[in-house]
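Below, in structure tokens: the form predicted on its own, a single chain.
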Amino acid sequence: MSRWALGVDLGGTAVKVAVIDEKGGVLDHERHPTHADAGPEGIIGHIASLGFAMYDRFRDRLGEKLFAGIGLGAPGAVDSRRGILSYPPNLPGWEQYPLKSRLQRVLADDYSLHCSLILENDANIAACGEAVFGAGREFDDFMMITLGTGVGGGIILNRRLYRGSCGTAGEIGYMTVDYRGKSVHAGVRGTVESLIGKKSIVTLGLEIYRAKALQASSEEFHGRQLCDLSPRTLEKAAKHGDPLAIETWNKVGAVLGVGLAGVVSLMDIRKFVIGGGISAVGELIFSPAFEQMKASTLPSMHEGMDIVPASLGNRAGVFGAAALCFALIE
């Protein structure tokens, strides 16, 4: 029998927990509300309860001795060596918190579960998941970009996770691409996330529609006075040929492409795996992003450039957390 582990992906709205074996099989998968307003202690208790319940269901069947531990991905800056989570977005009441040691203590004191626990940034574990089990398996070096409520990233170099000196490498969402722009996120002007995070995409779409003559079908997709406009309605409208929705996605893709070009120029990474909920629009973003990436880099840098869709969907995080437990990637 192969080893097994628990992969946990903590988000601002949901906690995903999965039992995964070393060969990449998902034996069980659950999604629960985070209850972010419960604060750090409440969330830790919640994760411990969910994790132990799943562990308890499988330990006899899979063997306690084959249990490789728990991998936990969390949003925000993560010092994986010290197990500290700092300022996670969408989780009120957290600043700098010893998440790893507190969770281990709760598991030991309340459930008598003593096991290895690995804490890592959520975008990093998604990159690990795609590297070991998904779209990044064929690449030695690549960057994983997650497009959703925010914009995150994780870097794989020579088949190893690159964390940087303080654990914050890959935060492409905070890369400035328009330092004179009006958009501000987390106090920084003109960042990728401030321009193409989920809310910003909606704002961009509204600006484009309101500045130009509306198509007859606009109300059908976006509601009266554009009150229902969202990334999903923009996707539907663009796929039905709405030129203003297509223009919106072209601009979103262009911003992403400028960010990717910076990575190409700085690190000579030329493969990009794109995931997250917004990435479901596919070529509406990928094509303009690729063209802008080429336009913003030297011709000598174009060889081998590629943008591919992530293949693990919203399970990339739990796969990556488990991969770290199995030491399939470091």
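All residue numbers refer to positions in the sequence shown, first residue = 1. Model, not experiment: these values are computed from the prediction.
A second form of this protein, the form predicted together with a further copy of the same chain, is not displayed here; the remarks below concern that form.
Only one segment in the set 38-46, 280-288, 56-64, 299-307 has residues whose heavy atoms sit within 4.5 Å of a further copy of the same chain in the predicted complex; it is 299-307. Although a further copy of the same chain is omitted here, in the predicted complex all of Arg180, Ala186 and Val263 have a heavy atom within 4.5 Å of it.
Interface residue among Ser101, Thr176, Thr203, Ser116 relative to a further copy of the same chain in the predicted complex, by the heavy atom within 4.5 Å criterion: Thr176. Contact with a further copy of the same chain in the predicted complex, defined as a heavy atom within 4.5 Å, holds for exactly one of Ala237, Ala131, Ala74, Val255, namely Val255. Proximity of Tyr162 to a further copy of the same chain in the predicted complex falls within the 4.5 Å heavy atom cutoff.
Residue contact check for Leu27: none of its heavy atoms lie within 4.5 Å of a further copy of the same chain in the predicted complex. Although the partner is absent here, Ile155 lies within 4.5 Å of a further copy of the same chain in the predicted complex, judged by heavy atoms. Of the heavy atoms in Ser80, none are within 4.5 Å of a further copy of the same chain in the predicted complex.
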